[in-house]
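Before any questions on how it binds or moves, here is one chain, the form predicted alone, in structure tokens.
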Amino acid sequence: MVKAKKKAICVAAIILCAAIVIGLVSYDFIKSSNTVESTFLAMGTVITTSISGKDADAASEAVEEALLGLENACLSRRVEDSDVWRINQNSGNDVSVSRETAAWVGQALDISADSDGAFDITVGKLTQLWNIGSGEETVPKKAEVKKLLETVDYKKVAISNTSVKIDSEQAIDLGAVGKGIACDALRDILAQFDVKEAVVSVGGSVLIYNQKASVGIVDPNNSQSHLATVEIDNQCISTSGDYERFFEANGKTYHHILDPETGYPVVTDLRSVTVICDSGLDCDALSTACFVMGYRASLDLLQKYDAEAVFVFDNNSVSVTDGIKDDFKLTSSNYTVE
């Protein structure tokens, strides 16, 4: 009964959710009559919503309730009896999960394959080892990294209907796509209400619903300001950057985006990658994959997913894909567009 109840909560939570990056992006939102704004904590971050329309109050309540349940019922690797927790605790065995969780894992695996493993949800044990963002980070021993690197292989994950099976030594982590998943779920719930337009933000992703909006891209050198804006229309946007979570040790900075090939934080000339497309999950995963792959290697992958991107480099130059050049505006004199 407990597991059935958890699945029911998961399914209910899935029908709605949302994402943007507090501190990574911001938005310009023109309010209409009966606009409801809220700020609350869920999914390990601050979430803000702005919903306009006749059913704004009811929609706002539904969004908050779903987001508060989504992580605990489905996505968290730490919360006991969530779908991801049960998959990891029962590694080597088929684990029955919600239909939605199985679909999300499958979608993530598709991007893993298309990016040749640059994005890989089986970095779970490495993520736990580095523990970046906990406040208790330490640089792990090379032997530890090498041992756990052997567990990283998305090809060992199997899905059959609503069952997920990982290798006996593996652990999955959906943290890199959780905020995007929330965006996709939220879009579905908003469609069930009389909502004119909405913006919902959490973590590193944003859902712009039923409107055009100008979204700010954070300056990696000063997370309190923006280097540019980009106008998007009824889509999702996600950013991955080395300034989001990091720690310093022995005079070196270690950020949270791990390279599945080396087991260490990615070494790159990029500071951030912002991706825009219709799917929140795809945005989230692609921003990570592109950060790992680098600018030129990412272009074919972005094209396959009909996605656009903004690349910010460590020399303060910016590259913008062709499809959004007319919608992109540089706002900081410290940067130049290539």
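For clarity, every value in this text was computed on a predicted model and none was experimentally measured. Residues carry their position along the shown sequence, with the first being 1.
Keep in mind that the form predicted together with adenosine monophosphate (AMP) is not shown, yet the notes after this line are about it.
*Asks:* Which of E197, E100, D219, E244 has a heavy atom within 4.5 Å of adenosine monophosphate (AMP) in the model of the complex?
*Replies:* For this set of options, the contacting one is E244.
*Asks:* Of V202, V215, A176, I208, which one comes within 4.5 Å of adenosine monophosphate (AMP) in the model of the complex, counting heavy atoms only?
*Replies:* Comparing distances to adenosine monophosphate (AMP) in the model of the complex, the residue within 4.5 Å is A176.
*Asks:* Check whether V84 has any heavy atom within 4.5 Å of a heavy atom of adenosine monophosphate (AMP) in the model of the complex, and answer yes or no.
*Replies:* No - in the model of the complex, heavy atoms of V84 and adenosine monophosphate (AMP) never come within 4.5 Å of each other.
*Asks:* Heavy atom to heavy atom, is W104 within 4.5 Å of adenosine monophosphate (AMP) in the model of the complex?
*Replies:* Looking in the model of the complex, residue contacts with adenosine monophosphate (AMP) do not include W104, since no heavy atom lies within 4.5 Å.
*Asks:* My question is simply whether T127 lines the interface with adenosine monophosphate (AMP) in the model of the complex - judged by any non-hydrogen atom within 4.5 Å.
*Replies:* Yes - in the model of the complex, heavy atoms of T127 and adenosine monophosphate (AMP) come within 4.5 Å of each other.
*Asks:* How about G263 - does it come within 4.5 Å of adenosine monophosphate (AMP) in the model of the complex, if we only consider non-hydrogen atoms?
*Replies:* No, G263 sits far enough from adenosine monophosphate (AMP) in the model of the complex that none of its heavy atoms falls within 4.5 Å.
*Asks:* If contact means any heavy atom within 4.5 Å, which of 158-166, 87-95, 188-196, 119-127 contacts adenosine monophosphate (AMP) in the model of the complex?
*Replies:* Careful reading of the contacts points to 119-127.
*Asks:* With adenosine monophosphate (AMP) taken in the model of the complex, which residues across 279-315 come within 4.5 angstroms through any non-hydrogen atom?
*Replies:* Contacting residues: D284, T288, V292.
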